[in-house]
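Coming up is one lone chain in C-alpha cells, specifically the form predicted on its own.
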Amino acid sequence: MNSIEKEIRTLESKIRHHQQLYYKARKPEISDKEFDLLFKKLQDLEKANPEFASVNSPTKVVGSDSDNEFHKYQHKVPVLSLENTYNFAELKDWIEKTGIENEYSVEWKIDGASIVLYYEKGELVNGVSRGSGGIGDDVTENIRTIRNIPLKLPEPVSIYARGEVYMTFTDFAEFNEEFGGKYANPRNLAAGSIKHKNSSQTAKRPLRIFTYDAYFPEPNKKIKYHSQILETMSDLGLPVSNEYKIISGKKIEKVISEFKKKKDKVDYPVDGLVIKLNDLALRDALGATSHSPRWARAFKFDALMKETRIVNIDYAVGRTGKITPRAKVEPVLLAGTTVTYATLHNQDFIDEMGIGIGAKVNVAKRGEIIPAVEEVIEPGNQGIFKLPEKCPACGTVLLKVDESVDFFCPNKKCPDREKNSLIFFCQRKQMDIEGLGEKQIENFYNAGFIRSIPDIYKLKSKRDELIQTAGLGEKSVDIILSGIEKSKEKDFKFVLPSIGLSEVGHKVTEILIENGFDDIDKIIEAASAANARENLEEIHGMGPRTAESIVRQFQDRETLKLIDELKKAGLKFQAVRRQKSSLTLFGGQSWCVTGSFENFQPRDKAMDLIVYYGGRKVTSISTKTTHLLAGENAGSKLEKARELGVLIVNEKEFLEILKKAKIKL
C-alpha cells in the first residue's frame, strides 16, 4: 500500500470514528470545522487519486449527478410480507396458537419504503428494494446517501439487514414547505426518493432508516433470540429503534394499549405494530408460507382501514399533466365518509403491490383525508393493471419527465389540464375567488365560458349571458364577479404561485422576492440573462432543478403571453415593499427556522421580526447561514446546523435578545 492509499484509508477511518461519535453517541471529540476539513481533504485526495477511492467511502453521502439505472437484484433471502390482523381478538387467537407462554417482541410498524441492506465482510455492497419479495431494484447509490446508514461496519461480518426508509413528520413538513407543499405525505416522498434518478438529489432529502431484522449468511450460534439480533445490529452501528419491548404473550394486550397511547406523539409515520416470536428456534420450527412468516403478525390500527374490492381503475390528469391512477372500489364507510375511489399513486406502486381489477384490498385515509389502497389481500383475476400509453383526456402520448416515477400528458391544451389549472388558480390558498369552486369551474369550462386563466377576468362582460344560460341567479353571478374583482387586490406573492408554473410555489416565490426579484419583469430579465441558471442557483434555497425550471418557463412564449394578459387584466405583478425598522438588530445575519414555538405561532412571526429589524430569512442551512432559530421537535436542519457550526438559538434565548433590545412582541 503506497503512502497516498494509506492516507486515504486513515482518513476514512478517522471520519467514520467521528461520525459514530456525532450521530450515535452524541459526544463529538472535534469541532464541526475540524470535521469539515478532514472530509474535504478526503474528497480532494479521492478526486486526484480515483483508483484508491473506496466504494463505501464516507464521501458517498453526497451522491452523484450521473443518472442511475436500477438493475433487478435477486434477493439472497426471501423478503416476505406480514400477515395482518385488525383487532385484538384475532391477534390473541394467533398468540394462543403460537404459545402464550412464549416471549414476543413488539415494535412499531413504520410506514416507509422497505429496503434490504447487504453487507459482505463489513462492507455495504447492495441496497435493494423489496420488490416482489424475490426480486427488487438495486438502489445502492441512493441508499449510500442516507446519513445514518453505515457504509462500513466496525467488524468484518456479513449480514443482510431488513429496514424501512422513512422521513420524520418534522423533516417532511420543512422539506415540503420549500417546494410549495407539492408532496402528499412522508411515505410517498421517501419511496420516491430512494428511486431518484440522481443520487446527489437523494442526498438532499432528509431520509433516515430503522433496521428491524437480519439474517447472517454465516451461522452465528451465539444468537438465539430476536432481541440479540437487534442488539447485534445496534452494536454494528445499524440504526435500531429503541422503542421495542420483549414481553410474555400474556402481557400483549397491556403493551399494545401502551403503544397506542404513544402513537400520536411519535414523529415518524407508523400504521400499526409488528409482533414477532423472540425465540429463533421456534421461528424455524413454525416456518413460513410462500407469502408470510408464521411466527409474526402485523397488528394494524384498524380505525382508519377497511376491506373492499376494486371494481375498476381509471386515471386523473392533473394541472401539470401528471397522471394519477385511482381505483373505483365497492363503497365502504371509512372515517365517517363513504369511499368509492382510492388513489393508486403511480405505476411503480401498482407493480410493487400487484394491484389489478377485481383485487380485494384494504383502503385507508392517508392523514384522514385522501383514501388510498394500502395493501392487496387477494389479487384480481385480470393481472397487474398497466397505465395506457395515451392521455385518457386528449389522446396525447404519455411521457416520463426527468427522474419522476410518474407519467405526464405533455399537451398544455389537454382539457383536464386546463380545468385543473383553473381550479388550482381559484383555490383558497391561491387567489381565493369566492363562488368559483371546482364544480362551478367545470360547468363554466364545459359551457365554453372559460378555457384559460385570463378568461376568468373576461366574465364581467358576460354577466347577462351567465344569468341566462349558466343556470345561475343574479345574486350568484354577482358574488362570483365580485370575488374575481377582489382577487385583483392579491399581492404578487399570491399571484405568481397561483398561475401554476412548475417548481414556482409559495416558498420559491418568497425566496425570489427576498432576493430582490420582487416584480415579474426582474424575473423575466434574470431568466434571459447570460448564465441565468448559474446565477439563480447561487440564491440560497434555490436548487438546480428549480433554477432550470424558472429559466425555461420565463423564456417560454406561452408563459410570457399569459403574464402579459393577466397584467392587462389588472393583477399585481409587483410585490408590496416591506417596511423595515431603522434599528438593524439582525443586520448582516441570515436566519433559518425549525421546529415549533410557544410564542410564535405561526413561526413566521419570528422570522418577520428578524427581517423587520434588518436580518435575512433563508429556507435551508448552508455555510452562509449565520443563525438557526430552533424550537421543539427540531428536524434535520438542527443536525446540519451543528455540522456546519451555525449558531443555534432557542426560543428562550431569542426572547432574551428581543427583550434586551426593548422589542415587544
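The term rigid core refers to the maximal set of C-alpha atoms that superpose within 1.5 Å between the two forms. Residue numbers here begin at 1 and follow the sequence given. Keep in mind the model is a prediction, meaning the values are calculated, not measured.
Unshown form predicted together with a small molecule; subsequent notes refer to it.
- The stretch in contact with the small molecule in the predicted bound form, judged by heavy atoms within 4.5 Å, is 76-84, chosen from 258-266, 416-424, 141-149, 76-84.
- Of the residues given (K322, K507, R162, R205), R162 alone sits with a heavy atom within 4.5 Å of the small molecule in the predicted bound form.
- Only one of W295, Y118, F492, F349 comes within 4.5 Å of the small molecule in the predicted bound form through a heavy atom, and that residue is W295.
- Among heavy atoms of Y166, none comes within 4.5 Å of the small molecule in the predicted bound form.
- Heavy atoms of I550 never reach within 4.5 Å of the small molecule in the predicted bound form, leaving it off the interface.
- Put simply, K109 is close to the small molecule in the predicted bound form: some heavy atom of it is within 4.5 Å.
- In the predicted bound form, none of the heavy atoms of M542 sits within 4.5 Å of a heavy atom of the small molecule.
- Taking the rigid core as fixed, one finds a CA shift for S549 smaller than 2 Å between the shown form and the other one.
- When the rigid core is held fixed, the Cα atom of E243 travels 2 angstroms or more between the shown form and the other one.
- Comparing the forms between the shown form and the other one, the C-alpha position of E83 differs by 2 angstroms or more, with the core used for superposition.
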